[in-house]
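As C-alpha cells, one chain now follows by itself in the form predicted on its own.
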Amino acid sequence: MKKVVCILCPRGCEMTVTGEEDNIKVSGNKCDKGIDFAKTEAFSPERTLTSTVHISGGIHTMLPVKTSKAIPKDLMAEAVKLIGKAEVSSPVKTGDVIIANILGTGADIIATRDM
C-alpha cells in the first residue's frame, strides 16, 4: 500500500494505491486524472527537470532549459550531470533542442528562453 498526493489540480487528493503493477487499485481520487497519476507515482515516478546550461555569445552566461516531457525520477541526478557538461552558443530560440533523447528517455532538453 502506498499513499500518494495528486498534484494535477488544486484539490490535492490523498489517494491510496494497493496491489502490484499488473493489478492496481486506487482509492481517494475525485477525478479520473488522479488514477493514472497515482499508478505512475506509485510504481515509476516521473518529473519534469528544469536546469540551466552554459551559453556563450549571449546576454547572460546561463540558458534556462527543461525536459520536453517527464523523465523517470531515478534518472534525475544522472541527467543533471549531463546537462552540467553541456554548452551552447548564441543564438538559441525557445524550444531548440539542446540535448536530444537524454539518457534514452525519449525526452529532449530544450531551451526555455530566446538568447
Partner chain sequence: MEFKYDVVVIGGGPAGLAAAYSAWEQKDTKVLIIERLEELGGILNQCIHNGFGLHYFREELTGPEYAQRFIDRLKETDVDIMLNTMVTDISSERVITAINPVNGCFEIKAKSIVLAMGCRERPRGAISTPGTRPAGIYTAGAAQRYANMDGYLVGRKIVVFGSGDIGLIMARRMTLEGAEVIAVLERGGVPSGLTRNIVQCLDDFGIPLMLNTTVVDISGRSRVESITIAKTDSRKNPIPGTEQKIDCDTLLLSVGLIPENDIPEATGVRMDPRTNGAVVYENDETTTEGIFACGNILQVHDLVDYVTSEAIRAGKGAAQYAKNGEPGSEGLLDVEVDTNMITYAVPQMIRPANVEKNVDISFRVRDRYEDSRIVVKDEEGNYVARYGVKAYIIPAEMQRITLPGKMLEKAKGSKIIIGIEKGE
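Residue numbers count along the first chain shown, from 1. All values reported here derive from a predicted model rather than from experimental measurement.
Beyond the structure shown, there is the form predicted together with its partner chain, which is absent from this document and is the topic of what follows.
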Report summary line: As a check of understanding, the residue in P64, P72, G28, G57 with any heavy atom within 4.5 Å of its partner chain in the predicted complex should be identified as P64
Report task. Indicate whether its partner chain has at least one heavy atom within 4.5 Å of a heavy atom of T16 in the predicted complex. Result -> no
Requested in this report: Tell me, yes or no, whether N101 is in contact with its partner chain in the predicted complex, where a contact means a heavy atom of each within 4.5 Å.
Outcome: no
Query raised in the report: Contact between G106 and its partner chain in the predicted complex at 4.5 Å, heavy atoms?
Result: no
Query raised in the report: Going by a heavy atom distance of 4.5 Å, is K3 a contact of its partner chain in the predicted complex?
Result: no
**Report entry** Those residues of 98-115 which, in the predicted complex, come within 4.5 Å of its partner chain by heavy atom
**Finding:** T112, R113, D114
